[in-house]
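Here's a solo chain for you in structure tokens, the form predicted alone.
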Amino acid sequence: MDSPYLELRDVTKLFAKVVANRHVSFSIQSGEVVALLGENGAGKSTIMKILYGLYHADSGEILINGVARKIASPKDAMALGIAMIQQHFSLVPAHSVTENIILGNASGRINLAAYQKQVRELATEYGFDIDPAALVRDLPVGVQQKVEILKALFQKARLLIMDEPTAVLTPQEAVKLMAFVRRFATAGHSVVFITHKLKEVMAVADRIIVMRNGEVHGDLLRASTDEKELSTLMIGRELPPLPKELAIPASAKEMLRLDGVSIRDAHGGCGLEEVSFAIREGEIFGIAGVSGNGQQELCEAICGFRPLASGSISLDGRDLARLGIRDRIGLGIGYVPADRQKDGLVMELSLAENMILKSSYDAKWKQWRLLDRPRIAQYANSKIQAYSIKAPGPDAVVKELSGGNQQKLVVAREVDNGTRLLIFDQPTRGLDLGAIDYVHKAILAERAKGKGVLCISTELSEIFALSDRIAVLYKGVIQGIFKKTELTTEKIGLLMAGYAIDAEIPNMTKESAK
């Protein structure tokens, strides 16, 4: 084999006393797709940010075509042909596709028509159907990702780093992205593919590098490994299977009901339109869809954060219309929001303080007119133990915890609050395999206690693994409600993209909402 296109040798990076990367060494060949796997905190994002010039290594070296290179900034990386497409896009919504692509790469008097022609030719070469004159804000999220890719291709990238590239895509869009990755590699370029989806790794990677605790714990050819071995390397142990599904008794009572719920967004547009469904005791009702199609509005309507334009919501037969947020919490509604740091936690407060955010007014936490701090600390300690939260103690500041441990904290609090209904919006977003397994088992355990569960996720594997029934949400409209056995990945992907599917699966009716 020829000398590698890129090589990392003994790269070490420390943040204060925390070792993010320890003597990391691996290589990437021209024309190779390398998948980088690892739990949160494993060091995979840090090593890629070093390669892209966002971080600087404390020791070690980077070689390109056998020559040691210093990458002090993303500008240096781009000059060497290295481009990075991060999970959160860096596009300017008010600008056109072409303007975003040439931003920072053109100066002086700009011939926009000529650049539009270049962008159109580049898009055609790689099979992307994109209007160069379209405004980014008007594009679906899958097309916006293609714009990010075209930016890298316009800069003549020879190594493309892709961080969780399918997180916001439908299954069909993900398949097209995988085809692009293979085509890009076939042209002699290289790709580093950071993902936690093992099926995608096995579908597209030539080689797989597994990191744990800042070190490389595996460098394997795709053909010589399997998903079980990879998951064991990632977390250091085998994951036991999820508990078997429980049949919902025919006598199970209806718990939550939405009838014709519509919501207007801040601009007067439609956030939700005529949404109707019901959830029974001991049922997990899954909602699939690409982020931004009304999921957050739905959660906030049930919890009382948003007023209804029309329709009704009831819990255990009680109309929630006149009840505020605190009253709904008192009825037993727990809510795990999609953005734990923005909407689920106060990052500057301690773990114990966050545990009682929604119940601090309860008499049980008071001693005279003051908070009973020792009792609150004891309660928080019990949850640290029960949920295996890695924290020094109840006084630890939440911002110092890892994302997975922050999520466990929110889940622990909301499971206690949600004595009747639990709402999970993207319950495992950004989590590693071990934390995902833990959260899934916590959801199933609460279902077994007879609670109703609304589970919203963009991860189809999660929806299929947990749900009893599945609804698909597109632009605020329920596309249909189905039994799990009635759906395939292809059908649910079409529904997520707003397409009608074959007549054997009916659209939702008033009766199907029951």
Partner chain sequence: MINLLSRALLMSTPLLFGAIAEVFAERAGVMITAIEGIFLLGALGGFVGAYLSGNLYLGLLLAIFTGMAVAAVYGWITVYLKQHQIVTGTAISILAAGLSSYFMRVFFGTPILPLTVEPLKAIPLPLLSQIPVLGPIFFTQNILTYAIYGIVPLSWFILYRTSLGLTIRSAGENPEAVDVAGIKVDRIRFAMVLLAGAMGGIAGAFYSIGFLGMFTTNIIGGRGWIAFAICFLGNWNPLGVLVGTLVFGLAEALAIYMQSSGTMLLPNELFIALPYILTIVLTISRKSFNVPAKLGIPYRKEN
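Not measured: the values here are computed from a predicted model. Residue numbers count along the first chain shown, from 1. Heads up, when I say rigid core I mean the largest set of C-alphas that superpose within 1.5 Å between the two forms.
The same protein also exists as the form predicted together with the partner chain; that form is not shown, yet it is the one meant from here on.
With the partner omitted from this view, the residue of P392, G127, G104, G188 that lies near the partner chain in the predicted bound form is G104 [heavy atom within 4.5 Å]. For the candidate set K75, K199, R183, R373, a heavy atom within 4.5 Å of the partner chain in the predicted bound form is found for exactly one residue, namely K75.
Contact annotation: E281 falls outside 4.5 Å of the partner chain in the predicted bound form, judged by heavy atom distances. A residue is said to contact a partner when one of its heavy atoms sits within 4.5 Å of a partner heavy atom; Q86 meets this definition for the partner chain in the predicted bound form. Within this chain, R469 is remote from the site of the partner chain in the predicted bound form, having no heavy atom within 4.5 Å. Put simply, S90 is close to the partner chain in the predicted bound form: some heavy atom of it is within 4.5 Å. With the partner chain left out of view, the stretch that reaches within 4.5 Å of it through heavy atoms in the predicted bound form is, among 485-493, 26-34, 458-466, 52-60, 52-60. Annotation for 107-131: interface residues with the partner chain in the predicted bound form are S107, G108, R109, I110 [heavy atom within 4.5 Å]. With the core held fixed between the shown form and the other one, A94 has its Cα displaced by at least 2 Å. Fitting the two forms on the rigid core leaves the C-alpha of L112 displaced by at least 2 angstroms between the shown form and the other one.
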